[in-house]
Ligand SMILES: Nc1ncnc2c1ncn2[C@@H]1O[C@H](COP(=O)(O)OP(=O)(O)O)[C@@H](O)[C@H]1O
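Okay, so here's just one chain, in structure tokens, the form predicted on its own.
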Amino acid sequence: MFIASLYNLKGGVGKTASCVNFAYMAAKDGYKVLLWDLDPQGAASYYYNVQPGVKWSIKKIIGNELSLEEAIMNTSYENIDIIPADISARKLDMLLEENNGSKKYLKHLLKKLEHYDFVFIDCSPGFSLLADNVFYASDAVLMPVIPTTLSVRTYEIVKSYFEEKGMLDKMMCFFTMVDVRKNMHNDVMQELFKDKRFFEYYIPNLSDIEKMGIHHAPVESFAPNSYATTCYRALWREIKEGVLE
């Protein structure tokens, strides 16, 4: 089982869209996939058109009233299951603190799901006990970065944090919302490529990606021949080769 989390310190960088599309493409490649939506906004759950069951919550899982397996729900796509977000996820840091504040609690929970080939975690923005749990549980932390000044600053902050924690080898980055017509985007990308933490392929700022919310679906499922699908497929192949080599 390979655990990949999608994370950024700030929101609005294409994190959830990437998580949803990577999960879909991994499943299309024949892997058994679980997506765990840990962002209280529940956007990944929304894209897959799945709502949490009425009898469960993340609070019950952390409180050992419900097993993680019982929270897993089917999607309408072959090979993809999901643990959807629920409203109690907004208090997850508090719940983890009450559970001895362990940074390895999620890793312990996920060990029971060895029948999945890939687990993708859509993590909420920010540094927190939850984020540390996700980092420790993950084999790779995939960080989308927009090639703009503030996003670069965020990248540098996260990189320093991972260096401090001794986990820099887990941090793998890719560019999103790229507009190659902008000199700044091109300049930022060329500069950060020198850091050797970024994948070569990137995701442009495309309308088909925005339409995921309209279709409640990954982009390849409703626009298989689109440029957006081509870009995500190329990036996913590069990531897959990078993490499984």
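Since the structure is predicted, the reported quantities are computational estimates derived from the model, not experimental observations. Quick note: we count residues from 1 along the sequence shown, nothing fancier.
Not on display, but discussed next: the form predicted in complex with the named molecule.
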Name the residue from 209, 50, 33, 38 that puts a heavy atom within 4.5 Å of the named molecule in the predicted bound form. 209
Which residue, 61, 192, 27, 203, is the contact with the named molecule in the predicted bound form, using a 4.5 Å heavy atom cutoff? 203
Tell me, yes or no, whether residue 188 is in contact with the named molecule in the predicted bound form, where a contact means a heavy atom of each within 4.5 Å. no
Any non-hydrogen atom of residue 177 within 4.5 angstroms of the named molecule in the predicted bound form: yes
4.5 Å heavy atom contact, residue 235 to the named molecule in the predicted bound form: no
Can you name the residues of 1 to 34 that have a heavy atom within 4.5 Å of the named molecule in the predicted bound form? 11, 12, 13, 14, 15, 16, 17
